[in-house]
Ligand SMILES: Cc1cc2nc3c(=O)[nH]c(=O)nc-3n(C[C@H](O)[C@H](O)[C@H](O)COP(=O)(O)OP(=O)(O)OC[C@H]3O[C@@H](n4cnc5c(N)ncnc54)[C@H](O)[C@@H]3O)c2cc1C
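A lone chain, given as structure tokens: the form predicted on its own.
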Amino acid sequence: METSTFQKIKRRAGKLFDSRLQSGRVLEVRHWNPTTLVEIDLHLPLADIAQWHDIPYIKFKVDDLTFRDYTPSGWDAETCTCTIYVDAAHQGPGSKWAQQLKKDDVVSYLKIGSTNHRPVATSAVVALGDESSMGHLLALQKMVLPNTRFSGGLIIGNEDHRKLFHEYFWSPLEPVARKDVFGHHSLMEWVLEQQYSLENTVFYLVGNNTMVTQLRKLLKHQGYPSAQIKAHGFWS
């Protein structure tokens, strides 16, 4: 009886969410080899993100009553198209959704929101993240002008994926090998090698929550004040 009541409530909640959803179409899906990173081109005709003041995110429906946030790496306002990157190396509803998508599939999203990340006026904007934040960091790169102010480290555990990143993108983001489970020690080691100034460097931390939290602590321990650390964590 209790299960039946729960299922009814769940169905009602699902219908409520579904009535608010917008839809789009998959244009192309590319699985990086090995297939733990999925690159997805989307046509979202009803999306309105032509003017980016902050880096946006799109809350996609990946299963019943289940949503995940993905950041478009850029937005073509004329064609209403974008590309997202999904880290599918772990088991979860977002990974399963991305792995199963194919060309011409319909995707649904609940809303487009803001991550509150925008480049500040300083001489050094440093982005630090992992595979789950690839789209976010590429979007940030496009917002930093002049681009000589921008640099960063991107944890990519798979060696082939690090090579592909270099081949696919012109980017000052440096693919960094993962030497620890969550990546914060690897990124901190990379930061120390760069010898950034304490006065004019602002860090943007994006990725799994553990990495973001621990990396923020390590940067503060090195003397960087909280005002120079912008953090945005994802579910791990």
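Keep in mind that this is a model prediction, so the values were computed, not measured. Residues carry their position along the shown sequence, with the first being 1.
Here the subject shifts to the form predicted in complex with the ligand, a form of this protein not shown in this document.
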Requested in this report: With the ligand left out of view, choose which of V86, I156, L140, C82 has a non-hydrogen atom within 4.5 angstroms of it in the predicted bound form.
Outcome: V86
Requested in this report: Could you work out which of S123, N116, Q91, Q100 is the residue within 4.5 angstroms of the ligand in the predicted bound form, going by heavy atoms?
Outcome: Q91
Report summary line: Exactly one listed stretch (142 to 150, 70 to 78, 162 to 170, 104 to 112) reaches within 4.5 angstroms of the ligand in the predicted bound form by non-hydrogen atoms, and it is 70 to 78
Query raised in the report: Heavy atoms within 4.5 Å of the ligand in the predicted bound form: does Y204 have any?
Result: no
Query raised in the report: Does K230 make contact with the ligand in the predicted bound form, using a 4.5 Å heavy atom cut-off?
Result: no
Query raised in the report: What are the residues of 118 to 140, in order along the chain, with a heavy atom within 4.5 Å of the ligand in the predicted bound form?
Result: S132
